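First, one chain by itself in structure tokens, the form predicted on its own.
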């Protein structure tokens, strides 16, 4: 590879462009084949609580489909995780149990009937944010270890209106 001088061109240098264009196209094809399109993580459909109003709307459902309560201790750590009225405990096992309970209710992941199911998360004011995120993550789905794809359980998440801290 190199430049050639043609004797009749008077010293003009000619650079061959075809090999460079071939390499550019090969790199472009290589990177296009390496692209993996994955479902975005952390894409939640969350309804934040509205401020307290003087009147309740009669059209809104009063009882949510699924209630998850997160109770904190004085330091903001998770003291109890409840699914409805059932205590699921504390720790990673409790969050796994939460995901299993949500899966029991929806039946099969991706079921079109689950589009209307909504999970209400009621977290104590002092609770650290990481526990709320874990609860949201386990309610909305999980990553399938074999396919590495997101298996969606519930898409609608809402939060209970905030309450004042226990110490105030």
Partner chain sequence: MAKRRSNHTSVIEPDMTPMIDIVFQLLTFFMVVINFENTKADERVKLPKDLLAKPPEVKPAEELVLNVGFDRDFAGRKLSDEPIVFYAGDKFTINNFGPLLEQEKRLAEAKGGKGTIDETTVILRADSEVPTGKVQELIRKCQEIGYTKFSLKAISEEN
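As the structure is a prediction and not an experimental result, all values here were calculated from the model. So that the term is clear: the rigid core is the largest set of C-alpha atoms that superpose within 1.5 Å between two forms. Numbering follows the first chain given and starts at 1.
The discussion below concerns the form predicted together with its partner chain, not included here.
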key: is_contact(residue 49, its partner chain) in the model of the complex, heavy atom dist at most 4.5 Å   = yes
task = Look up in the model of the complex whether residue 111 has a non-hydrogen atom within 4.5 angstroms of its partner chain, and give yes or no.
result = no
query = residue 15: heavy atom within 4.5 Å of its partner chain in the model of the complex?
reply = no
inquiry  = Can you work out whether residue 127 and its partner chain are in contact in the model of the complex, taking contact to mean some heavy atom pair no more than 4.5 Å apart?
reply    = yes
ask   = In sequence order, which positions of 125-144 have a non-hydrogen atom within 4.5 Å of its partner chain in the model of the complex?
value = 125, 126, 127, 128, 129, 130, 132, 133, 134, 137, 140, 141, 142, 143
ask   = Is the C-alpha displacement of residue 105 equal to or greater than 2 Å between the shown form and the other one once the rigid core has been superposed?
value = no
query = Under a superposition restricted to the rigid core, does residue 144 display a Cα displacement of 2 angstroms or more between the shown form and the other one?
reply = no
ask   = Against the rigid core, is the Cα displacement of residue 132 between the shown form and the other one at least 2 Å?
value = no
Residue pair residue 130, residue 38 - Cα distance in the model of the complex, closer or farther (3 Å or more) = closer
task = Looking in the model of the complex, decide if the C-alpha atoms of residue 42 and residue 86 are closer or farther than in the form shown; they differ by 3 Å or more.
result = farther
